[in-house]
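A lone chain, given as structure tokens: the form predicted alone.
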């Protein structure tokens, strides 16, 4: 995915720290084109501070007077919206939006992702200038997202698509210790049961399903030999402590 074809557009941002936070989120995910539409305070030292290493994104940012100017050469414009509109509009979640953006970039189109004001988002007129609307499905109890967080969410989804097929699969091929054998696991289960009986956690007269459930637990985890030795060592020390804490038997008992 050619990230040079993607621009993040922030409209009338009031807090310079949010501009810096958005720049940091962009650089984290490989985006660099930032367009600011009539920012209240920019440049500003708080924007630099919040950028935390992404100052070049701020330095290269383009400042314009209107949204129309920011998106004039774009073929796909996506506007973020946190609320429903009277006129229905195509609305996507970030993941589906990223797919459409990737397709547009693949056609060498210019794409703008537009984020509105912190307090009231984009106006109806600004949203009507967009081809699609993007809604981040946050929890209904607290749906408001910080501007930089919203930029991070969509930037992350774009990054994951760009890395598709490149991320390593979860694998144990290079594990640092061999996995335990069935024989060693059986010794462990015997040791575990003896210890649980000794500390009165397991009643051998009424064992219920305790050992079966513990077998299921450890079988699901797949212990390696080093982990198994650690657990066996814990059991041994538990038995030693339990023996030391037991009152001595009286003669004749």
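These numbers come from a predicted model, not from an experiment. Numbering follows the first chain given and starts at 1.
Below, we turn to the form predicted together with S-adenosyl-L-homocysteine (SAH), even though it does not appear here.
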query	finding
In the predicted complex, the residue from 97, 147, 130, 111 that sits within 4.5 Å of S-adenosyl-L-homocysteine (SAH) by heavy atoms	147
Listed residue (77, 82, 104, 161) with a non-hydrogen atom within 4.5 angstroms of S-adenosyl-L-homocysteine (SAH) in the predicted complex	82
Non-hydrogen atom contact residue 143 with S-adenosyl-L-homocysteine (SAH) in the predicted complex at 4.5 angstroms	yes
Contact flag, residue 118 vs S-adenosyl-L-homocysteine (SAH) in the predicted complex, heavy atom cut 4.5 Å	yes
Contact test in the predicted complex: residue 181 vs S-adenosyl-L-homocysteine (SAH), heavy atoms, 4.5 Å	no
Contact flag, residue 124 vs S-adenosyl-L-homocysteine (SAH) in the predicted complex, heavy atom cut 4.5 Å	no
